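Have a look below at one chain only, the form predicted alone, in structure tokens format.
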């Protein structure tokens, strides 16, 4: 996928507020590629090489599950980062998912 797509993903993810989460599909839809949720995930897998921090830990699947956790250096990193922001997680599931969900188009 072109670098421009990844850059768009990174720009949106950097806007997710502390203590909030978004989904792969929401981000894909916002950048004009509604069927590219999986590509958003691929972009976030590469985000650690960016000079400016990309809070990839704030992006979960459409059900609020931490499906991206295996792509962090440690499988607990995603959970620990979210919990440090006050997000409650039980069995890899974001609690109060709808309340914490951030939509970039409403920003």
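Note that the structure is predicted; figures quoted are calculated from it, not measured. Residue numbers count along the first chain shown, from 1.
Heads up, the form predicted together with the DNA isn't pictured, but that's what we're talking about next.
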Contact with the DNA in the model of the complex for residue 102, defined as at least one heavy atom pair within 4.5 Å: yes or no?
no
- Using heavy atoms and a 4.5 Å limit, would one call residue 45 a contact residue for the DNA in the model of the complex? yes
**Any non-hydrogen atom of residue 51 within 4.5 angstroms of the DNA in the model of the complex** = no
Does residue 61 reach the DNA in the model of the complex, with heavy atoms at most 4.5 Å apart? yes
